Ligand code: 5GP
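One chain comes next, on its own, written as structure tokens: the form predicted on its own.
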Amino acid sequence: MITRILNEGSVKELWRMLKSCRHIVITCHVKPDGDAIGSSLGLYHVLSALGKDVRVVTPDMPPRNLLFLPGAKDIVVATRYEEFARKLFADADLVFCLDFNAPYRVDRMQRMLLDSVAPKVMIDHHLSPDPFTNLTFSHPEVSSTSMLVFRLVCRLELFQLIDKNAAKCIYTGMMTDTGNFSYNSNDPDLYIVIAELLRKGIDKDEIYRRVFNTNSASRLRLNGYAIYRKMIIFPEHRAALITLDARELDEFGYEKGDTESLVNVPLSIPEITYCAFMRQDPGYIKVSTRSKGSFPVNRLCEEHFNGGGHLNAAGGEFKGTMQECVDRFISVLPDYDKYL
């Protein structure tokens, strides 16, 4: 049996909300990753089985390596179907906010979310949640939002509604947000949940292959180029950096998800304790960081890149040029030697 961490009163309040609602919207953060999509689709399958009218609405398109997940083809992408997405929010009588802790994280969909008069429920594992929801399940100590969704479904006594499709989505979120259980993954409860999902009939080896080991030729070339040409090692700081600007992304025909897990690669070098990956997105530089042991990359992102996250996995954004972002990173490296 897994430990109980969810507030009993909040669980009862959620059950009251569920009993009185019919039309549900589930949404997640912009540029959704495996945990955002996995938790959203996992909850979608459970609530649909409960007899609710449920739609998953995302700010933009999910990565192509997640489109195999059951229910992915039914996701409403707001950048493609803006008016339909707006209507879904307007008609909803319950909105779930998954894997994000502040309204700005849904990007251009923020107004739709905040204008909705429906009660809102946050399920998230990031630090410092904004108080914009009616009910909040925030547990930064949990490795993924998908794990939280599983816990919450069980506490609602709906475990029997987790079928193979829901289990596949939940497992995918848990797997991707821990780098295939290589970081933030020392919680024994995690493996109890995995065992239960396996009993639902999922093939974890196939899921791994579909998410991490299915590549296009352009993706392989882009990642090879990034490692060979763009990886910089700072041995005195046990750090590494990889950057890709817009020109380079265009040259290799970048598609969303092509650089997933690239930030983890330098950590395979024994002498490297932490790594940053910087990708030029429209309007800003996306910063992703990973680390080993007790090195707090969340501090690095909070203090210098307008972000945050977990001890070993965090991210942020930088408004400026790629060179300015790189210069910022290099200039603060000595400040973090004390954590090595």
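Since the model is a prediction, treat every value here as computed from it, not as a measurement. Counting begins at 1, following the sequence as shown.
Omitted here: the form predicted in complex with guanosine-5'-monophosphate (5GP). The next part is about that form.
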- [ ] Among 51 to 59, 307 to 315, 64 to 72, 36 to 44, mark the stretch whose residues have heavy atoms within 4.5 Å of guanosine-5'-monophosphate (5GP) in the predicted bound form.
- [x] 307 to 315
Task: Residue contact check: Y228 to guanosine-5'-monophosphate (5GP) in the predicted bound form, 4.5 Å heavy atom - done: no
Open item on the list: With a cut-off of 4.5 Å between heavy atoms, is R105 one of the residues that contacts guanosine-5'-monophosphate (5GP) in the predicted bound form?
Closed with: yes
Open item on the list: So, S291 and guanosine-5'-monophosphate (5GP): in the predicted bound form, are they within 4.5 Å at any heavy atom pair?
Closed with: no
TODO: Classify H237 as contacting or not contacting guanosine-5'-monophosphate (5GP) in the predicted bound form by the rule of any non-hydrogen atom within 4.5 angstroms, answering yes or no.
DONE: no
- [ ] Could you tell me which one of K120, R155, H126, R219 places a heavy atom within 4.5 Å of guanosine-5'-monophosphate (5GP) in the predicted bound form?
- [x] H126
